[in-house]
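Before any questions on binding or motion, here is one chain by itself as structure tokens, the form predicted on its own.
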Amino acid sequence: MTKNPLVRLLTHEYVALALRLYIGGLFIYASMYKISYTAEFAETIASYQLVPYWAVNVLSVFMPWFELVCGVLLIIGFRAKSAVVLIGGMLVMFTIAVVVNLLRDSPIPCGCFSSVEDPISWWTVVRDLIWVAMTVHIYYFDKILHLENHFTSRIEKIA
């Protein structure tokens, strides 16, 4: 049974690999500024007015490192499914935070890549939803160039 060529192309493992590298690189890039400028990132988190005040500093320190680790794991293909689930969860959380503030009519910056950005808009939501769709694609179709597969095949040869 042959699939539609378009479906075959969209579900191809190399498309999933390209999306995996893109999303992993995106999260590494997004984490760099936040790690370097933690205080500014804390102000961005506080401007969303969604987390308790005591959690703002904890999140501003923890979240960028979490993004960095997940991005690196995704790129190298070690526990990639776990990393993509965590990244997808973060993206859903970010999307909900943006939608809530759009409904509040708050003119705050996204804070995704720096503290000096255009205010959030519905385009931010669309962009985030596209990234969520990419994580779903990666979860289901990513099968090649996983570092952990390389190590497990060596262990199987030794045993």
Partner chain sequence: MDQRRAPNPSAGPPLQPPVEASRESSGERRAFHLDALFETVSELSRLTDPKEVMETFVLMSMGALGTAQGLLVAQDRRSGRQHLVLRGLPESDKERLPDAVQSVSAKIHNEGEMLSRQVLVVVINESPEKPGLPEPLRVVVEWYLDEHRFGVLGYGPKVNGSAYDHQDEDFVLQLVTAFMDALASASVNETIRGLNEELQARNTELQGALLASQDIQTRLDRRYFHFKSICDTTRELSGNLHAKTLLSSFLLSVMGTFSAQQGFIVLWDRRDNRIEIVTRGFGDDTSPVFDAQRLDAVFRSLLHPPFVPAQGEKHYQVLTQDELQALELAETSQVGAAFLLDDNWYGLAGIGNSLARSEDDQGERELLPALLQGFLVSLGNALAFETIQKLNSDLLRKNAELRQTLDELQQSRQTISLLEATANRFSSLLRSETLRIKRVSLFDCLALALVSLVLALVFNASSPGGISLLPETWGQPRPDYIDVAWAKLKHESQGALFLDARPTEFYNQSRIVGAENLPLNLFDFVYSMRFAMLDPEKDVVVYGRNISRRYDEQVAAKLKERGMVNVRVMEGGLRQWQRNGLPVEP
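Positions refer to the first chain, counted from 1. Owing to the predicted nature of the structure, the values given are computational and were not obtained by experimental measurement.
A second form of this protein, the form predicted together with its partner chain, is not displayed here; the remarks below concern that form.
Checklist entry - Pick from 91, 134, 110, 45: which has a non-hydrogen atom within 4.5 Å of its partner chain in the predicted complex? => result Residue within 4.5 Å of the partner: 45.
Item to check | Single option in 30, 97, 69, 125 placed near its partner chain in the predicted complex, where near means a heavy atom within 4.5 Å | outcome: Of the candidates 30, 97, 69, 125, 69 is the one lying within 4.5 Å of its partner chain in the predicted complex.
Checklist entry - Quick one: is residue 148 in contact with its partner chain in the predicted complex, heavy atoms, 4.5 Å cut-off? => result Yes, residue 148 is a contact residue.
Next on the checklist: Even though the partner isn't displayed, in the predicted complex is residue 49 close enough to its partner chain, meaning a heavy atom within 4.5 Å?
Outcome noted: The answer is yes: residue 49 has a heavy atom within 4.5 Å of its partner chain.
Next on the checklist: Given that its partner chain is not shown alongside this chain, does residue 139 nevertheless sit within 4.5 Å of it in the predicted complex, heavy atom to heavy atom?
Outcome noted: It does: once its partner chain is placed as it appears in the predicted complex, residue 139 has a heavy atom within 4.5 Å of it.
Checklist entry - Taking the shortest heavy atom distance, is residue 57 within 4.5 Å of its partner chain in the predicted complex? => result Looking in the predicted complex, residue contacts with its partner chain include residue 57, since a heavy atom lies within 4.5 Å.
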